[in-house]
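Have a look below at one chain only, the form predicted alone, in structure tokens format.
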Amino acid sequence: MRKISLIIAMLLMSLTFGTVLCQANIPAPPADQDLGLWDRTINNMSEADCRGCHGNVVNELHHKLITTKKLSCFTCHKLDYISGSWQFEPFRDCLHCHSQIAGQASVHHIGQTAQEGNCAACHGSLVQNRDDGHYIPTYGESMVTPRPSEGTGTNGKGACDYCHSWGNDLGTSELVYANKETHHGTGLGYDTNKCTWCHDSQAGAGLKIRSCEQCHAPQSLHNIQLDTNSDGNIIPGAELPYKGHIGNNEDCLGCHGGSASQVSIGGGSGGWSLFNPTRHHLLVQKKGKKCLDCHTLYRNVQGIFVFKDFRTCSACHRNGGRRP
């Protein structure tokens, strides 16, 4: 009897563990929501929504404004003379002071911090700030240049919305929104001068990503990754897929897996007349190479993942021009 019970227990464990593994390997969309803020719209909030994140005890934070912002008590606690007595105006509803533009802009994004493009103040290291001098590529389009949408690879690979699109979160079944809704939901575009923060009407389809990189550039993007086995150590290329940007070759191809069919392979022996980066990127398709075979990531002294130099030919091509 004990043996039968043990077998049943082992079967249940294997089924449960198998389910977890299957869930972990189910391709996006929607993108995994275990890192950063949820991909939602937050431009029609109620007081309950505010307290869901900020909690109910915020009086100390507000009372500090007397010294930090030189406010007076009556700045918030306003009195009205009603029916022969002084009565306080409502002040416990967050939205009484923290206004939003319904359907357009959230409380958070009409504030000075967001309006100045200081995204990292709330979103942390997952993004970069506009005009902070971070690296943005300036070279032309290639077969691996990501697109904001409509990727040219299999099932739309090669674009942000290959993962960041509509769907129900696997763990909670909560609705996850697409990039268009989350970014337009900030309401930054109600000031039409800010539309160009995200949209460059002059750029061709393959270079529209450069506007996105004002906030989502290589350094921040290549440091978005979940530690999938919770061992405290992220190994690029060796984590479960669809849990970040650098954990697995599938993650790399989600952004950079544009269609090789767009490239003419004619000329020379095996297409040697091709633009050098294109020739190397075709090795993924022709030789089954992985992105991180060449683009090696390591943590620098600041704890940030950066690439080793891969543009020096001799780093790979030694011994008569062949890679060892």
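Residue numbers run from 1 along the displayed sequence. In this text, the rigid core denotes the largest set of C-alpha atoms whose superposition between the two forms falls within 1.5 Å. Keep in mind that what you see is a predicted model, and the values were worked out from it rather than measured.
Although not depicted, the form predicted together with a small molecule is the subject of the following passage.
*Gly36, heavy atom within 4.5 angstroms of the small molecule in the predicted complex*: Answer yes; at least one heavy atom of Gly36 falls within 4.5 Å of the small molecule in the predicted complex.
*Would Ala203 sit within 4.5 Å of the small molecule in the predicted complex, counting heavy atoms only?*
No, Ala203 sits far enough from the small molecule in the predicted complex that none of its heavy atoms falls within 4.5 Å.
*Taking the shortest heavy atom distance, is Asp93 within 4.5 Å of the small molecule in the predicted complex?*
Heavy-atom contact with the small molecule at 4.5 Å: present for Asp93.
_in the predicted complex, Thr312 touching the small molecule (heavy atom, 4.5 Å)_ = Within the cut-off, so yes.
_Selected contact from Leu79, Ala102, Cys73, Ile82, since only one has a non-hydrogen atom within 4.5 angstroms of the small molecule in the predicted complex_ = The residue from Leu79, Ala102, Cys73, Ile82 that makes the contact is Cys73.
_Counting any non-hydrogen atom inside 4.5 Å, which residue from Leu175, Leu170, Ala238, Cys195 sits next to the small molecule in the predicted complex?_
Looking at the other structure, the residue within range turns out to be Cys195.
*Does Leu79 show a Cα shift reaching 2 Å between the shown form and the other one after rigid-core superposition?*
For Leu79, whose C-alpha is compared between the shown form and the other one after core superposition, the shift is 2 Å or more.
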